[in-house]
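Shown next as structure tokens: one chain only, the form predicted on its own.
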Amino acid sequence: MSEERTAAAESGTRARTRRAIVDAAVVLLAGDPTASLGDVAAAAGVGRTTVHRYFPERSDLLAAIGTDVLEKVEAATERARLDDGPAAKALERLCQEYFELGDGLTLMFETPQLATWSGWDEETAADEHFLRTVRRGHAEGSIDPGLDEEWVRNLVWALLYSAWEHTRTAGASKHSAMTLCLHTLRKAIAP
């Protein structure tokens, strides 16, 4: 095997290991924010020293989770096709896409270090696209123009959080929680 192929295989292995650690941490910390890095290592199927090699401090792991969640939000926003059809329907698709990011987004909302993470300080392309979609909904008449775009954004996040909590604490199915979320969204933003 050439040196170049060995380096590529090693970086692929490193990327998979890093991904396994971040994914395991999201699921574990969403259920137990006090879980240790040792618990994360066990959930990821790696040793504690491996976790510490990738993330020397808990804050490093949390920053990686924050970056990962923002990347997933960007991808989910693209999948929602916000420019297709009426804006109100686009927001419904967006809710469905974001709902699948429940553990990561719940963790972002509930973990103080992540809720105040500096990565939230800048408007992202996903944020701008969302606000543009609301303005389009105002113009086309599918979203109540009396609802300011920031209000609609906060409403969507509040509804999603309620849906995630409904599945976690009330034992509701994902389908039931999403149905309630979308029903409430339709009523709340209707002109």
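Bear in mind that the values here come from a model prediction, so they are computed numbers and not experimental data. In case it trips you up, residue 1 is the first one in the sequence shown, and so on. Basically, rigid core = biggest C-alpha set you can superpose within 1.5 Å across the two forms.
Not pictured, yet referred to below: the form predicted together with a further copy of the same chain.
Student: Does each of 28, 68 and 125 have at least one heavy atom within 4.5 Å of a further copy of the same chain in the predicted bound form?
Tutor: Zero of three within 4.5 Å in the predicted bound form.
Student: Here the chain is shown alone; which of 60, 39, 144, 140 has a heavy atom within 4.5 Å of a further copy of the same chain in the predicted bound form?
Tutor: When a further copy of the same chain is considered in the predicted bound form, the option within 4.5 Å is 144.
Student: Quick one: which of 60 to 68, 47 to 55, 146 to 154, 125 to 133 gets within 4.5 Å of a further copy of the same chain in the predicted bound form, going by heavy atoms?
Tutor: Contact-bearing stretch, as computed: 146 to 154.
Student: So, in the predicted bound form, is residue 159 in contact with a further copy of the same chain at a 4.5 angstroms heavy atom limit?
Tutor: Yes - in the predicted bound form, heavy atoms of residue 159 and a further copy of the same chain come within 4.5 Å of each other.
Student: Taking heavy atoms only, is residue 74 within 4.5 angstroms of a further copy of the same chain in the predicted bound form?
Tutor: No - in the predicted bound form, heavy atoms of residue 74 and a further copy of the same chain never come within 4.5 Å of each other.
Student: Mark residue 110 yes when one of its heavy atoms lies within 4.5 Å of a heavy atom of a further copy of the same chain in the predicted bound form, and no otherwise.
Tutor: Taking the distances in the predicted bound form, the answer for residue 110 is yes, it comes within 4.5 Å of a further copy of the same chain.
Student: My question is simply whether residue 21 lines the interface with a further copy of the same chain in the predicted bound form - judged by any non-hydrogen atom within 4.5 Å.
Tutor: No, no contact at 4.5 Å.
Student: Check each residue of 38 to 63 against a further copy of the same chain in the predicted bound form and list those with a heavy atom within 4.5 Å, in sequence order.
Tutor: Contacts from 38 to 63: none.
Student: Could you check whether the CA atom of residue 159 moves 2 Å or more between the shown form and the other one, using the rigid core for the fit?
Tutor: Shift of 2 Å or more: no.
Student: Superpose the two forms on their rigid core, then report whether the C-alpha of residue 28 is displaced by 2 angstroms or more between the shown form and the other one.
Tutor: Yes: residue 28 shifts by at least 2 Å between the shown form and the other one.
Student: Determine whether the C-alpha of residue 129 shifts by 2 Å or more between the shown form and the other one once the rigid core is superposed.
Tutor: Superposed on the core, residue 129 moves its C-alpha less than 2 Å between the shown form and the other one.
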